[in-house]
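So this first bit is one chain, no partners, the form predicted alone, shown in structure tokens.
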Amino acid sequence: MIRGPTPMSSLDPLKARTEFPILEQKVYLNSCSLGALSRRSEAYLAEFLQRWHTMGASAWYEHWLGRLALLRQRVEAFLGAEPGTVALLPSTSSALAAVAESLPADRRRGRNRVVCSELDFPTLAYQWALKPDIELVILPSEDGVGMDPEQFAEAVDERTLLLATSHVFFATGFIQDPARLAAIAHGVGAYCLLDGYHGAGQVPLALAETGVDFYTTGPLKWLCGGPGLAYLYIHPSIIPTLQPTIAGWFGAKNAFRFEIRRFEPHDDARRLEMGTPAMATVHTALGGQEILEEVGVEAVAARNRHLTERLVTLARDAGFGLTTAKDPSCRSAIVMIRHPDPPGAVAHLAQEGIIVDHRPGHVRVSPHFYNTDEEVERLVEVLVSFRG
């Protein structure tokens, strides 16, 4: 059942709809919260369960370790990253903790500032806010939608350890430029860490070309692989300098020697891995990853741009206010529609078979490549009937 790397752009985005059973019964426009589950992912999961039934622990050695290696390989290729630069962790929170506790002492010396923005997902700031030796700087957004990179350039200086912000802001969909942010950080000798959980899978990436030092993402949302797993990219030049002070056995170079007296980390990004990965999610993630590869990220991005602009136009024409970037090139497939009663609107839409989400003051709609124009039109039509 397991396959090797698949050719890019061999599956039409709309033909891929047949892979996702939820689309047969619902208008699913909530991929920013949870990507739709595919039949491909179900098949991988069924295979995992069958081998658990029939092989027990021996499946680790004959199959499951190979699945881990395959997923890392696929993710690296999809993100445009070098081999050996992606680690698998349970969540973005654990990935951030692993980074925070592994930065070399000589790079920390004299640098105790971490610069974020008020638009970042709270997890990104929580990691640093709880460290008494860190000065956390949270920059305000001038328009409540995005950030001017010059704000980071003015705030980041020789005291800065990390410029830590988002690739795509979770509550506005605004896309930041990874290469620009990396250049700002490196200009003063700081690291650049990007939370890419709302970017990877909907925005094309070539991490090796951006200069970013750390990039976190995972299969939960746009990669359609489910919860319980995160991916941590580390620039290859940094990997040898990272010395973990929190560790798990999967981070050990020779884990199956069970050496208790000495921890020797992997030579690659796996040195920051922790305990036994969530193997069920590894399998569902492989299914989602395979479909994204077959459609091709450029085709996904093009389809999402079309759906996003269609939704923006329809919502504005219907009289709704939007919290979105003025420049369409800075928009992702996260559309924030202002509404006086977001929870009520989401409940009303659900009664009509339309699944979206809400954030303070907004109905959040997130179409993906498997959605249609008709579904976006239906959403706006039903939302018009519930003004709150």
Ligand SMILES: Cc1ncc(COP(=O)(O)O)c(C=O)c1O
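Everything quoted here is computed from the prediction, not taken from an experiment. One-based numbering along the sequence shown.
Just so you know, the form predicted together with the ligand exists too; it's not on screen, but the next bit is about it.
Screening 153-161, 87-95, 204-212, 135-143 for residues having heavy atoms within 4.5 Å of the ligand in the predicted complex returns a single hit, 87-95. At least one heavy atom of residue 121 is located within 4.5 Å of the ligand in the predicted complex. The ligand is not shown here, and in the predicted complex it never comes within 4.5 Å of any heavy atom of residue 290. Within this chain, residue 72 is remote from the site of the ligand in the predicted complex, having no heavy atom within 4.5 Å.
Shown alone here, residue 78 lies farther than 4.5 Å from the ligand in the predicted complex, counting heavy atoms only. The partner is absent here; in the predicted complex, the one residue of 283, 303, 221, 270 having a heavy atom within 4.5 Å of the ligand is 221.
Contact with the ligand in the predicted complex, defined as a heavy atom within 4.5 Å, is made by none of 47, 51 and 64. Taking a 4.5 Å heavy atom cutoff to the ligand in the predicted complex, the one contacting residue in 165-187 is 170.
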